[in-house]
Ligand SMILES: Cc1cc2nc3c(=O)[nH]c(=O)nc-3n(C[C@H](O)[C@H](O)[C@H](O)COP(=O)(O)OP(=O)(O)OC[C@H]3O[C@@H](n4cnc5c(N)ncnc54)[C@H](O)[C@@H]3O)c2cc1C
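Coming up is one lone chain in structure tokens, specifically the form predicted alone.
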């Protein structure tokens, strides 16, 4: 039996179209820009650069979509994981704060535009995203988010209990806010589609080509792999939770956390049609949120933060408990797929755009909102490489700061999640 950390354990590995041919780098070459990392960020950056006529090489240690980009729940969410828009304005000021809010608001639209423009076959459904609440106190949090996005003309709606039940097929929730710009995709199929699109635009993508060193030469940057070397004027680091020791301090600027996903066998038509009939994704308002969605074949896909990563029994029990609590009509469910993967979380849950040196840029730390934000970050990085001043970009440049006591934060995060789960049960 495969480990849950093996990408082949994921539903998406069995349902995505085969990957394009991306042979390892062999020999040395010179290019304008080199991108390190073949997830949403790196592939989006490579695509936007290549479309603009920039000679681009992308290096991936494994295969495109190997990390969190190919192992997430597949929800495309046009909202922050923690913040409300007013908080962003309070922190960054009116102009920069509203620019960042607009960037987050438009990120999902960019994903679905790329899917449509490049004909990416990834089971895409843009029928909205829901944050439902199961208690009055959590509903107040959801309403605040709705109200603040509504004040910025986002396509949102606040739903009462009956409306929420109609869209979810569950009596578990008492209300919700809906963002109509969100949706669902097969994330691995999307990454592979981005890779094909980038290659069609002229980018070279090399899998099984881990970057082992980056060094400055007299006239360019030199990125070394086991099979060759790429020299480039600019470097984009899009390694997120898999940054390793490639650039000093980059890995220590985020906390890698494992998230669990589980997918049932396809439900019978009579049951499937009662659940999420319009196929919105759910990320509910719990402190430790429960996530649900339905794929095109009628499987239920649920996500959570596991207490014990890597053990199928506890993970299956957690998925089953969540699913049956919200959708009791599923009966005795059978989880066909169980998998986990690392996401990069920042302490404030905001993404990071770094200028690490002259000509070296990085984007990471999407804290569970990676499909939309990472795709949009790739475009930002491409614009910066092409010469757009950092002050004109919607994401502010952040200093590279190591997370204090990072080695202790992962076990502490599990303790904190246990406490939050206890509070959710009290609710």
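Here the structure is a predicted model, which means the values were calculated and not measured. Positions refer to the first chain, counted from 1.
This protein has a second form, the form predicted in complex with the named molecule, left out of what is shown; the following refers to that one.
The candidate stretches are 353 to 361, 259 to 267, 174 to 182, 99 to 107, and the one lying within 4.5 Å of the named molecule in the predicted complex by heavy atoms is 259 to 267. Remark: all three candidate residues (74, 246 and 343) come within 4.5 Å of the named molecule in the predicted complex, counting heavy atoms only.
With the partner removed from view, the residue among 50, 57, 61, 380 that has a non-hydrogen atom within 4.5 Å of the named molecule in the predicted complex turns out to be 61.
Out of the listed residues 149, 242, 80, 112, 242 is the one that sits within 4.5 Å of the named molecule in the predicted complex by at least one heavy atom. The shortest heavy atom separation between residue 68 and the named molecule in the predicted complex is within 4.5 Å. Although the partner is absent here, residue 211 sits close enough that one of its heavy atoms falls within 4.5 Å of the named molecule in the predicted complex.
In the predicted complex, the named molecule stays beyond 4.5 Å of every heavy atom belonging to residue 205. Using a 4.5 angstroms threshold between heavy atoms, residue 369 counts as touching the named molecule in the predicted complex. Applying a 4.5 Å heavy atom cutoff to the named molecule in the predicted complex picks out 38, 39, 40, 41, 42 from 38 to 54, in order along the sequence.
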